[in-house]
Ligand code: HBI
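What follows is a single chain, given as structure tokens, in the form predicted on its own.
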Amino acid sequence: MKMDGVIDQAYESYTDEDHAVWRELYNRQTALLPGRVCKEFLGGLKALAIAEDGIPEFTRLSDALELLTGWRIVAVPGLIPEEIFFAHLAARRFPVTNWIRKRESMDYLQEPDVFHDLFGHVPLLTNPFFADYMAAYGRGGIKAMGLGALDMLARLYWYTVEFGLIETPDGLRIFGAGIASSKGESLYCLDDPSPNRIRFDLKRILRSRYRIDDYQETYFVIESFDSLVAATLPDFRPIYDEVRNHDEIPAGALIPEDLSISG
């Protein structure tokens, strides 16, 4: 493994069972997501020819993605140190775990695998606004490390990149990878009456705790990808200072300023 955490995808090491697991996950999600996920995600799947036939080769996807938005995919063995992760994003490289889950773990993993990383995250990197947002997040992560603000910035990633919803003329749609790669949460986030669905608010998000062991109790809804870029463009240093003066908000709590969004 290199100093930047990058390894070879080792494509030849995937077994027939590995590819069969990919096909099952792919077919399950692509049958479920139309009418639930944003059109930009589905367009990205098509543009990159991410298909059901087996785990894709990262080099082929990188070549196609680079032509669209300047991003490439790099293989990593799993979670990597934060400073390395941020450096990759800032350089428009998305780290993708090279291993895939076992059949007995189809519905829950403690760490992301290739299906979560590649199917869940990579399609939206074909969208210019989201691609720019991810690169800016990487630069912001490097800065946040020096400001002692990683805990706050991590919440922004969680509530957008992993578990974000977007408002469209046809209703609420999924764009977060943690939802798009999960059968259960793809249904729960839009259909269940119990979670909060509230308008995106940067300072609110930076104060908001989240769950890692269950479906989310709160989802934040953006108006568009370009509005997400605009909202996160300002210098975060004074925002961090302001947020530190307020109490954290529990994952399922509402505050008076929240604007609830219906589907």
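Just so it is clear, the model here is predicted, and its values are computed rather than measured. In this text, residue numbers run from 1 along the sequence as written.
From this point on, the text means the form predicted together with this ligand, which you will not see here.
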query = Can Glu82 be called a contact residue for this ligand in the predicted complex at 4.5 Å between heavy atoms?
reply = yes
ask   = Does Val76 reach this ligand in the predicted complex, with heavy atoms at most 4.5 Å apart?
value = yes
query = Does Phe86 make contact with this ligand in the predicted complex, using a 4.5 Å heavy atom cut-off?
reply = yes
task = Answer with yes or no whether Pro95 is in contact with this ligand in the predicted complex, where contact means some heavy atom within 4.5 Å.
result = yes
ask   = Here the chain is shown alone; which of Ala154, Leu147, Met106, Ala136 has a heavy atom within 4.5 Å of this ligand in the predicted complex?
value = Ala154
message = Within 4.5 Å, heavy atoms only, one stretch in 154-162, 124-132, 189-197, 176-184 touches this ligand in the predicted complex. Which?
response = 154-162
